[in-house]
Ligand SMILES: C[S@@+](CC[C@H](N)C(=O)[O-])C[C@H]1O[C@@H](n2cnc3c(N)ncnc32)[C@H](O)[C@@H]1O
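Read the single chain below, which is given as structure tokens and is the form predicted on its own.
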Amino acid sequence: MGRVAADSAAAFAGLCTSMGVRLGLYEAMAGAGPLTSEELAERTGLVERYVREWLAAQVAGAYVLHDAATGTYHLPAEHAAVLADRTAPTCMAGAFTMLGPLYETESALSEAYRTGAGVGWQAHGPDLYEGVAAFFRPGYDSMLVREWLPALDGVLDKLERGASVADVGCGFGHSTLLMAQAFPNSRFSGFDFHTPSVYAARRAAQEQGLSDRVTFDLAAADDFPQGPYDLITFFDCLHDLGDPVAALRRAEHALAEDGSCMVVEPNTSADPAGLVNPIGRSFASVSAALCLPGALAQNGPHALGNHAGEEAMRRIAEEAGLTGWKLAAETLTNRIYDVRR
């Protein structure tokens, strides 16, 4: 009962956290020191009475500290790194902005659970796409160029000299653009089947001045343009596909002779007992509400969910003709595989 009470409190509070991100409340408090509710309302252009009530909820969750003697509220620097700084590797704000659109699909999900039908990615609102991108971005920012790519055999040298790269399931293109910024001699192609995400990625490329060597196009994971590519990446998306074998088979055909795939997947356990921790629980819950329904909507032969485990992913790669498989790097939330013919 205590566990459920704590969970229900967190579920209600998640809405307030999402609003704090969306309205810039955490950003306004970051580095500002103690503030009154009036001062915070003035900084954000919001109504003070609402701000005061929001602050009470933040104090109740120990996100914000309150000094009753001065009537002020303070967001500590270590809290700001998680809630306010979207460039910090510790930022988790995106997890909360995903909640609204996921809850809105509860009726459709309930019906899908009865019928076995899927709920496609495109069935969700734009807040979900933005939230997913914001959720994954801090990890990519901190790890992709510095640790993950160097862990792949021979890939860093190719990228520095000048390589052709395909980012399959690129979404908003954060991963694609990070690589492009780091390796100016290489060319990058991002592919996704979701039109709004591709348009968002194109805007980002233009804003960052990378459109001359980065392109984003609509394409399914099993039908993206042939290369040859020196590197093909799948960032947290292979498990979402109805036919991951077909996607990897397409990649196998599109690889250069000595090319490789980087497959990034959640660091979760195929054994439910291994999910009994905050990260495992988060991924498993998202899988039940988003990943699995999305894969089922594609009517493919697979519906993996995001905790299928390494062995299942390895078998899929081997079926596609990619028999070289190595765990290249690992974080609390991700496992990075170096996959080759």
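Sequential numbering from 1, following the sequence displayed. Just so we're clear, the structure is a prediction, and the values are computed from it rather than from any experiment.
One more form of this protein exists, namely the form predicted in complex with the named molecule; it is left out here, but the text below deals with it.
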| query | finding |
| --- | --- |
| The named molecule in the predicted complex: contacting segment from 214 to 222, 254 to 262, 99 to 107, 71 to 79, heavy atom within 4.5 Å | 214 to 222 |
| Residue 152: touches the named molecule in the predicted complex, heavy atom cutoff 4.5 angstroms | no |
| Proximity of residue 94 to the named molecule in the predicted complex, heavy atoms at 4.5 Å | no |
| Contact label in the predicted complex: residue 118 to the named molecule, heavy atom within 4.5 Å | no |
| Residue 298: touches the named molecule in the predicted complex, heavy atom cutoff 4.5 angstroms | yes |
| Option touching the named molecule, based on a heavy atom within 4.5 Å in the predicted complex, out of 132, 84, 200, 245 | 132 |
| Output flag, 16, 20 and 59 jointly within 4.5 Å of the named molecule in the predicted complex, heavy atom basis | no |
| In the predicted complex: members of 81 to 111 within 4.5 Å of the named molecule, any heavy atom | none |
